[in-house]
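Take a look at this single chain in structure tokens; it is the form predicted on its own.
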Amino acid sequence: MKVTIKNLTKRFSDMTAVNDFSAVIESGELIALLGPSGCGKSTMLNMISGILAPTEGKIFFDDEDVTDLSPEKRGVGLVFQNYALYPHMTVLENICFPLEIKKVPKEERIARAKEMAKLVHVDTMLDRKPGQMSGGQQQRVAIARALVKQPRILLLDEPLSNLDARLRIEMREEIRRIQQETGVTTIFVTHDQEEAMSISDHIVLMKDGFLQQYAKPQELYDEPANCFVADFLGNPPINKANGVIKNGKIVLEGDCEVELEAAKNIAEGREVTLSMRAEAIIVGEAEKACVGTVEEVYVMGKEVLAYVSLGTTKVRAYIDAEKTFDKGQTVNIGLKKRGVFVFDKETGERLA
């Protein structure tokens, strides 16, 4: 089922949580609503579910306007951060509960619940109660309970935040598998970029209630629309150096000149931010873009990370494990075309 969001706004007294948001979520996709805490992503999910009414704007499921429909009439499945399972009920009873409310005959609801339990791999735990299960197992039950209603859309609000790191990786892969097997359009809220990048078809990246970029995960990483997008995605974080355009070059703070083809098309005197991914910086050889000084070298298993000073700015760069550099050594720095961006210093608008 396709979800169309048109000019959606939500205000709470003098605070605007979501601001004039528009997007089209295609049928059968897994979409991540990503952004820092307080950016409006949970508010957005609650408006799609019907828990919150928008101040302005419209929501369509396929061609049906559901803006004023209650949650139960929208056909949504919801999984919350705390799973919200009934502690006195068994796994089977928890999964059956939504069908019981709908007055589905007992035999049918048990058959459907068992089918869902098998899909999420808890079919051997039907007689257990939530207190006898791990966090990951409880989450599987919550997903089965949401799916047993055969919803038109599945909504997950920070579904992995209560799990430890190893289980989070396992469960995000499970969410992807379940979503692909059912084909249900799924939207999940997360503040974890790695989580969003690893399993989603598209990412909706938000900041302060505004949509920053809506694209495939790799596109957000390779072609960020603005400085915030480039900053938010990537580990280690993207390197940033402030400078000004002089004679077609970027002169960084500390009088370090960077020759960059893209800088030749930017107006003289414009203040800019040069952003460089660690893997886009070449240390010690290749065509020179500028000169830097090696500050530190860290070996991290198969990867070696060097800290290099460009003027007054220190940047991280991946280097070849077979190369050796001395602390304080002056080196040529080259920049690859991919992973290097120029933004307006004030607005964050992408210039190159």
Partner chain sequence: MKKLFKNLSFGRVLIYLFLTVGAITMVFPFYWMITGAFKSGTEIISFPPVWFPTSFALTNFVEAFERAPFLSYFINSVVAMVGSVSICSFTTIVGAFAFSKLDFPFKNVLLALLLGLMMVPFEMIVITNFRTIIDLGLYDNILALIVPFTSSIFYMYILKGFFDSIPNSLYQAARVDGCSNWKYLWKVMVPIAKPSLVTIILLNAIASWNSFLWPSLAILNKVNKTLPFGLYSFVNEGGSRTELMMAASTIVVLPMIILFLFARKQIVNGVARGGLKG
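Numbering follows the first chain given and starts at 1. Computed from a predicted model, the values in this text were never measured in an experiment.
There is another form of the same protein, the form predicted together with the partner chain; it is not shown, and what comes next is about it.
Chemist: Answer yes if any heavy atom of residue 277 is within 4.5 Å of a heavy atom of the partner chain in the predicted bound form; otherwise answer no.
Modeler: Looking in the predicted bound form, residue contacts with the partner chain do not include residue 277, since no heavy atom lies within 4.5 Å.
Chemist: Residue-level contact is defined here as any heavy atom of the residue lying within 4.5 Å of the partner chain in the predicted bound form; does residue 194 satisfy this criterion?
Modeler: Result no; residue 194 lies far from the partner chain in the predicted bound form.
Chemist: Determine whether any heavy atom of residue 84 comes within 4.5 Å of a heavy atom of the partner chain in the predicted bound form, and answer yes or no.
Modeler: Yes - in the predicted bound form, heavy atoms of residue 84 and the partner chain come within 4.5 Å of each other.
Chemist: Can you check whether residue 89 is within 4.5 Å of the partner chain in the predicted bound form, heavy atom basis?
Modeler: Residue 89 belongs to the contact set for the partner chain.
Chemist: Can you check 143 to 151, 260 to 268, 113 to 121, 207 to 215 and let me know which stretch has heavy atoms within 4.5 Å of the partner chain in the predicted bound form?
Modeler: Of the options given, it is 143 to 151.
Chemist: Which one, 248, 236, 71, 254, lies within 4.5 Å of the partner chain in the predicted bound form by heavy atoms?
Modeler: That would be 71.
Chemist: Among the candidate residues 282, 104, 78, 184, which is the single one with a non-hydrogen atom no more than 4.5 Å from the partner chain in the predicted bound form?
Modeler: When the partner chain is considered in the predicted bound form, the option within 4.5 Å is 78.
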